[in-house]
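Next up is one chain by itself, shown in structure tokens, the form predicted alone.
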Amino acid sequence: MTSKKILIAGAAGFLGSHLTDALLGKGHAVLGVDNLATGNLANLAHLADEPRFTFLNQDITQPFDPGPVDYVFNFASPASPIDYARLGPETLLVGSAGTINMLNIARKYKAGFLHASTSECYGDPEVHPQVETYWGRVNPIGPRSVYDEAKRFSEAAVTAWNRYYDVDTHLVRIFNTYGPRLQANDGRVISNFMMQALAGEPLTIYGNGQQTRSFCYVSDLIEGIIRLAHTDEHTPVNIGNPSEFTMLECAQEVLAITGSKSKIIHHPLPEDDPTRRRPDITKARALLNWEPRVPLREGLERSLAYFQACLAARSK
């Protein structure tokens, strides 16, 4: 494959940094852009001596010109409930002005464009598992709306730039993903359970624990995204693991791989928290010849050393 110049917005984040590694591994040059609102330069520290990687500290809600690029991956956004609750207006701006700025860069340089959307576009779904043709059930003024509606607006913008300006756009709807570099304090299920179990603290389950999620290991997700970037598909594609776990089942898996004796405690379910979440990946299987390969137990084992290091750093 010919080496490309690739811009990754949100490169210092969990997914952006793994995508950066994968594309560098394929021989491309990467310009990583991030304003570090939620990204962490530690995720890119291993690239300090990599000549094909350049980092730019830039807020994408402000227009800028990176120079000619062949492809734009837009992964810039707060993504965890803790972060977008803290940065509500910023989340809305990056999903509107930020997305449009990235689309305009792709349009100017006739670059390909892939936007990281989310299963949150489906809200608390009435269709299960979720298929790409389902329009969703989202509260537009609830506590999660700053994230959900920013992502839904982004999908509309990405589709418009394809329809009106012929930008070669792609949309991936990402389901729950985990692995090394996931923020240890981000309030998401896997990071919460892993850190609590390793610290010997009670595992916090919201509601009765029967709500479900489908957890995809990060390397599987990145492989699916890169495959999607090479297609002619412009409508959304679900990328995630269709293996569905209740919160109680996930907690038991974490206790098993950590060897923790932590108890499980229950707290009230947050407002608008989805009760079910599972991707239908029929489209990804047919279009990309892709499906996840790493089961939850193995993925948690691969993530264990990272969360142990996070706990050790927190204890210093």
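One rule holds for the numbers: they count along the sequence shown, beginning at 1. This is a predicted model, so every value here is computed, not measured.
We do not show the form predicted in complex with uridine-5'-diphosphate (UDP), though everything after this point is about it.
The stretch from 128-136, 108-116, 91-99, 180-188 that comes within 4.5 Å of uridine-5'-diphosphate (UDP) in the predicted complex, counting heavy atoms only, is 180-188. Contact with uridine-5'-diphosphate (UDP) in the predicted complex, defined as a heavy atom within 4.5 Å, holds for exactly one of His170, Lys151, Arg173, Arg144, namely Arg144. The partner is absent here; in the predicted complex, the one residue of Glu120, Asp220, Asp83, Glu155 having a heavy atom within 4.5 Å of uridine-5'-diphosphate (UDP) is Glu120. For the chain shown alone, Ile205 is a contact residue for uridine-5'-diphosphate (UDP) in the predicted complex, at least one non-hydrogen atom being within 4.5 angstroms.
Using a 4.5 angstroms limit between non-hydrogen atoms, Pro66 is distant from uridine-5'-diphosphate (UDP) in the predicted complex. The closest non-hydrogen atom of His28 lies beyond 4.5 Å of uridine-5'-diphosphate (UDP) in the predicted complex. Within 4.5 Å of any heavy atom of uridine-5'-diphosphate (UDP) in the predicted complex lies no heavy atom of Leu47. Shown here without uridine-5'-diphosphate (UDP), the chain has only Arg277 in 277-313 lying with a heavy atom within 4.5 Å of that partner in the predicted complex.
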